[in-house]
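Given next, in structure tokens, is a single chain: the form predicted on its own.
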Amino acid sequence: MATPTMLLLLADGRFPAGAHAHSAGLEAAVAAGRVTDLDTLAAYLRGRLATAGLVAAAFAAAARGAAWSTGRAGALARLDAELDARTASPAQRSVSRRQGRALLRAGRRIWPAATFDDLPTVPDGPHQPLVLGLVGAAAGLDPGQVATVAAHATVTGSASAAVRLLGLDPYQVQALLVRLAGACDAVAARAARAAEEPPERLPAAAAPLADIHAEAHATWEVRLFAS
């Protein structure tokens, strides 16, 4: 099991995997007038945690569970295909794979002795949750801890972006994250349990409006965040 410090390092938004460049859909939601203040941000984060957060955490935990198994390459390929099927928006699929490539570069530099070669060799790179699972394995995290990192990142990235996009009080935003901590832990626990199931039975929670926002955001010529 990883030390508490290792868990904190992987959950830190400053980990060199490019997460700071993404708002996780918040920029488009702000532009559409759907997130305007702290209350609407809270609703946005809860919705994101229950959908994208649950799915990402479950797939990351499942990838971690497959890390030391026989037939790992096949298991990861199945997970990648199932996650792709659950990501309706082409823009979001592209972002997930782009973030996966960035995290993979960091993982290989930080843990050069670890093996990441069994990740799917698709042209755009593997999905980010799968890479997180193997990076978590290299760091000594168990599946539950990996799920916690994934769920935590689902809300903190958008929360940080909200300070820049809406000029919200950062202290109030952090207080909101504290209030969401219990929900985040519950989602991570649910995801870790679900990760024990076959890939085709992993969570498939969807957020169609987020998909629409992602497609619109991808067409903008000027934007503050990459997604």
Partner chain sequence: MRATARLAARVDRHGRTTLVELRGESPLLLRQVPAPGGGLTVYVVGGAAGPLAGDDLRLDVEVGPGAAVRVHTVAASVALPGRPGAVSRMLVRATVAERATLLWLPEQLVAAAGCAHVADSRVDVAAGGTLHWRDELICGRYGEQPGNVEVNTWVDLDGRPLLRQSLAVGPNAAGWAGPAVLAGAPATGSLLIVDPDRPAEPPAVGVTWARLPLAGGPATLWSATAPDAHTLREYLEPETALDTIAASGGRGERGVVRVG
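Owing to the predicted nature of the structure, the values given are computational and were not obtained by experimental measurement. Positions refer to the first chain, counted from 1.
From this point on, the text means the form predicted in complex with the partner chain, which you will not see here.
Residues within 4.5 angstroms of the partner chain in the predicted complex, judged by any non-hydrogen atom, belong to 87-95 and to none of the other stretches in 67-75, 103-111, 136-144, 87-95. Remark: Ala194 does not count among the residues lining the partner chain in the predicted complex, judged by a heavy atom distance of 4.5 Å or less. Contact annotation for Ala17: none of its heavy atoms lies within 4.5 Å of the partner chain in the predicted complex. The closest non-hydrogen atom of Ala205 lies within 4.5 Å of the partner chain in the predicted complex.
With a 4.5 Å cutoff on heavy atoms, Val173 does not count as touching the partner chain in the predicted complex; it lies far away. Residues Ala50, Thr51 of 49-71 are found to place at least one heavy atom within 4.5 Å of the partner chain in the predicted complex.
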